[in-house]
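As structure tokens, one chain now follows by itself in the form predicted alone.
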């Protein structure tokens, strides 16, 4: 069976494809007799197959030429698979302990073969809904973000290297445009794809569309998203793009990767932790009021930023005399000036993080794609109450982000929405 042109694979043709691909068939020892194949693509875009045999395992991910959850009426480039494979390899080289290894990539078939994250790995979002604590989550995620963002920025790269990398990822324009639409545009206007918990949030959705100050702030964030090629960002770093056990954290699905503002990644992760925190009230029951778990989420949120700040600035200090051309040693050549530069840089990054995190929260409540944290709350009025509190907090964080000077102040604001 030839695979010289694109076609979606099913279980039968998938086996033929694996047989014809040595880098994949070798992972299962060439043994096809007891192969177990399961399609698990519960996301919005792709087919995902888990292949398990007695001698090994791997995952196949294939991009479709349309958005899977919408259908062929919303076309989507298959080329996103190329950028996902590229980002996995780049980020995997920088932080191999938290990125699954790529075994195979086929550009024609828009297909990636990679490490299978075996049980008990689960999607972090599902673990947060279930109330499971992950003691190393903040440590691991801060490590991943510090390394991938620092080493792909001008703090470490020469301008020549950086421009070359930016040019490569500029090709992922269609997924960037999708992000622009669903995060920075659709929630602030009438759009056929928007939805919310109606009728409870009808007025709240309308208020977002009528908030001029909010629109001004979102326009500034959109401008940064579109124009600032700061580092190679994952581009969709929510709690559904992380797989975890109690001692393992793996970042997956970087198909939205591009060179953009660092705060977009950090904000996405922290914003989704905040959504998980607020949703806990909808998952509480008589046996577990979730109060202790909510404190753990808040501590993890705070630790994530603080550890990121610590690790990122440590990398900066260690490489301040390296090839990075953002702040040349010949100019920024005394400790006092270096301290001023670093403080200014990290302050702006913190405010970017809050702004982008808030924008991601808003789109998950009144935009096209919602989160299971809220959607799995069966009592509609309770779900709507949680969503409203999240929406109000997000609007505050977005509009007043420059007034916050520390993550502890943000944690206080989050606690306030519960009172």
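Numbering follows the first chain given and starts at 1. The structure presented is a predicted model; accordingly, all values stated were derived computationally and were not measured.
Below, we turn to the form predicted in complex with another copy of the chain, even though it does not appear here.
This chain is drawn without another copy of the chain; in the predicted complex, the residue among 202, 118, 317, 227 with a heavy atom within 4.5 Å of it is 227. Of the residues 196, 151, 296, 327, just one reaches another copy of the chain in the predicted complex with a heavy atom at 4.5 Å or closer; this is 327. Only one of 211-219, 232-240, 137-145, 91-99 lies within 4.5 Å of another copy of the chain in the predicted complex by heavy atoms, and it is 211-219. The candidate site formed by 37, 54 and 248 is entirely out of contact with another copy of the chain in the predicted complex, as no residue has a non-hydrogen atom within 4.5 angstroms of it. In the predicted complex, another copy of the chain lies farther than 4.5 Å from every heavy atom of residue 309. Using a 4.5 Å cutoff between non-hydrogen atoms, residue 336 counts as a contact of another copy of the chain in the predicted complex.
In the predicted complex, another copy of the chain lies within 4.5 Å of some heavy atom of residue 163. The shortest heavy atom separation between residue 104 and another copy of the chain in the predicted complex exceeds 4.5 Å. Along 331-349, residues 331, 332, 333, 334, 336, 337, 340, 341, 344 each place a heavy atom within 4.5 Å of another copy of the chain in the predicted complex.
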